[in-house]
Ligand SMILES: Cc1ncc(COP(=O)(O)O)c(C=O)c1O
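Let's start with one chain on its own, the form predicted alone, as structure tokens.
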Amino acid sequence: MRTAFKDGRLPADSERVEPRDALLAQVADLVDARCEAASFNPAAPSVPVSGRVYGAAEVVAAVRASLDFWLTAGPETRAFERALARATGQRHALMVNSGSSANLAAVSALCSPLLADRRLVAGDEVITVAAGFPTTVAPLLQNGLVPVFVDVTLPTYNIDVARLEAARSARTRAVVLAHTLGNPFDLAAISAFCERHDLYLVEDCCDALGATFDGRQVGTFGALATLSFYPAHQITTGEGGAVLTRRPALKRIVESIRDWGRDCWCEPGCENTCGKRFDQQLGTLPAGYDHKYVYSHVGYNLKATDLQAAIGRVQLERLPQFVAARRANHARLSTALASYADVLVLPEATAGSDPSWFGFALTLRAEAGLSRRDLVRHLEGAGIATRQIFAGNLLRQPAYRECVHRVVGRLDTTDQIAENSLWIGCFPGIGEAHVEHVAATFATWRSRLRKAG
């Protein structure tokens, strides 16, 4: 049976459409109809903090991959990893099942026995911050490392680099930091500090894909970098993430930790890449033990799937427009809220950086004597979604209060963020009408404050 064209005409033999192509065309038509951009509705306003932004191409890619029925990591994953490495300016990109897993794999890699005397061991210290998402710090504790917490600064929400030297001890071996809300931390100061003291740097870029510092992509400064592809981030594969590195040795270690800890590096479907599958003597195993079942790390299964990678390949092509939209929305919000600088700390980019903004951060000034809870309720009541700055102060969270750690000085700004900060959305799913609603909602908030005062 031949598939008719949209006009009802049957195709000639030379015009016949393969069943697979016809199905994918129907999928594209269906998604195009469903994904028409929804205009802002003043009667039922909604300004989300984040959301998936996709079109027919992503769904067609997922359906095409499902028809191939390669359910695990396969050719789509390899292609996505190559494209991601090119897009981020790195040599290697390894896809994993989440940004959290990317952080776990990256930190665990630094503890690998294959690094010999350069490996991190239990009790070694790692400089980080408490004002952030917990999965930047959790892998340190999971590997027996000691986080050393340093305060942050406003209005960048990133580490106070003036405290780095005070934070270092004889046990300091690494720095692990996130680029907060897509705003790069001071990579010039951090990189120089790490080079001066021979420390590893891990860049958590989960919120910052597409950001640059001094014209250079974030994720290219450290020994390792991590990404997240959760729907809130710059591109999405649903769940998903990646580890980036330029060092072949670290690439092999991360790959091993991701893939059960195995020593073998054969691609899926390959059987004997090294040519010595049954000819090696490893550990105290019998000579010739199958290399596919030799394990050099205590690893995990952190792999993603080809369906996710197929979506990621399409999303990656749209990254420049996504980042541009985030920057434009952030700039609109900055302009709309500029008159509130007397009561709100407005976000600023780190000097020398061009952020890939994840969200628009706001901090109520302590001297204003205003309540974050009241502001949040006012915004949420007007359909404007809000979020806290992740954990606020991680050391005040139930799971982390008794963790082994060290604090350098006081965490006054971190506490200020925990008590007075929030962020609202600037992702590509919002536009000028959404920002106008945000501006009007803040105006009614200020008007109410004046009446109350």
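Numbers for residues come from their place in the sequence shown, where the first is 1. Because the structure is predicted, anything quoted here is derived from the model rather than measured.
Same protein, other form: the form predicted together with the named molecule, not shown, and the subject of what follows.
Out of the listed residues S108, Q308, S98, T212, S98 is the one that sits within 4.5 Å of the named molecule in the predicted bound form by at least one heavy atom. Taking a 4.5 Å heavy atom cutoff to the named molecule in the predicted bound form, the contact residue among F221, F322, F149, F133 is F133. In the predicted bound form, the named molecule lies within 4.5 Å of some heavy atom of Y230. Among residues of the shown chain, G359 is not one whose heavy atoms approach the named molecule to within 4.5 Å in the predicted bound form. Under a 4.5 angstroms non-hydrogen atom cutoff, the named molecule in the predicted bound form has F390 among its neighbouring residues. Although the partner is absent here, N103 sits close enough that one of its heavy atoms falls within 4.5 Å of the named molecule in the predicted bound form.
Comparing 161-169, 280-288, 111-119, 202-210 against the named molecule in the predicted bound form, the single stretch with non-hydrogen atoms within 4.5 angstroms of it is 202-210. Taking the named molecule as positioned in the predicted bound form, the only residue of 162-195 that brings a heavy atom within 4.5 Å of it is A178.
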